[in-house]
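Just one chain is shown here, as structure tokens, and it is the form predicted alone.
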């Protein structure tokens, strides 16, 4: 996820303080990974330096001065360009799970047990996401569907790999 573009897009509705941007980001996109304040302010500093935002006002308070940021025309153009660019599909050719299966086979450990444990973890997470999807709004349902479809693909791979373990062991062992 491009945090910079997301924060820029949130500014299109009007100027905001860093705290407000963090809160809006976390409400819409940060359920599982909320932004750290430092990440917001370092991103805003970079966007300011690049001319994509400007300081719309500064308010004095009990602590440090609070800057209110506004998106510039260049920022709006940057978001529009970003939205038209397709995301690169992730082929998962460098999978940690695949690496673990091969290492287990190479070292004489049980790759079948590893796959069983992983299958159980995928199913556990699918139950959590299914429950969240049932209780959530449409945005939550869509993000849960995205994750569930990926987990289902992983489960298919786990099953296929389980049926091919003997052949894979013969190929990877010296």
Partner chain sequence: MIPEGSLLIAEDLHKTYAHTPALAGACFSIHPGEVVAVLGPSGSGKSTLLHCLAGIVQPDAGRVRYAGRDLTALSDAERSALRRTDFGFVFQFGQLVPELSCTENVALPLRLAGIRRKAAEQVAMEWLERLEVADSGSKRPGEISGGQGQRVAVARALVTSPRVVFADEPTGALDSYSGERVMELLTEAARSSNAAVVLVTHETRVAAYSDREIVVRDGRTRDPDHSL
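Numbering follows the first chain given and starts at 1. This structure is a prediction, so every number in the text was calculated from the model and none was measured.
This next part talks about the form predicted together with its partner chain, which is not shown.
Can you work out whether its partner chain is within 4.5 angstroms of a heavy atom in all three of 130, 133 and 145 in the model of the complex?
So, yes: the whole triplet contacts its partner chain.
May I ask you to state whether residue 42 is within 4.5 Å of its partner chain in the model of the complex, using heavy atom distances?
Result no; residue 42 lies far from its partner chain in the model of the complex.
I'd like to know if residue 107 sits close to its partner chain in the model of the complex, meaning any non-hydrogen atom pair within 4.5 angstroms.
No, residue 107 is distant from the partner.
Though only this chain appears here, would residue 24 touch its partner chain in the model of the complex if you measure heavy atom gaps against 4.5 Å?
Heavy-atom contact with its partner chain at 4.5 Å: absent for residue 24.
Can you check whether residue 66 is within 4.5 Å of its partner chain in the model of the complex, heavy atom basis?
Residue-level check for residue 66: no, no contact with its partner chain.
When its partner chain is placed as it is in the model of the complex, which of 33-41, 66-74, 46-54, 133-141 ends up with heavy atoms within 4.5 Å of it?
Heavy-atom contact with the partner occurs in 133-141.
For the stretch 142-158, which residues lie within 4.5 Å of its partner chain in the model of the complex by non-hydrogen atom distance?
Heavy-atom contacts within 4.5 Å come from 145, 148, 149, 152, 155.
Relative to what's shown here, the Cα pair residue 153 and residue 83 differs by 3 Å or more in the model of the complex. Does it come closer or drift farther?
Compared with the shown chain, residue 153-residue 83 is closer in the model of the complex.
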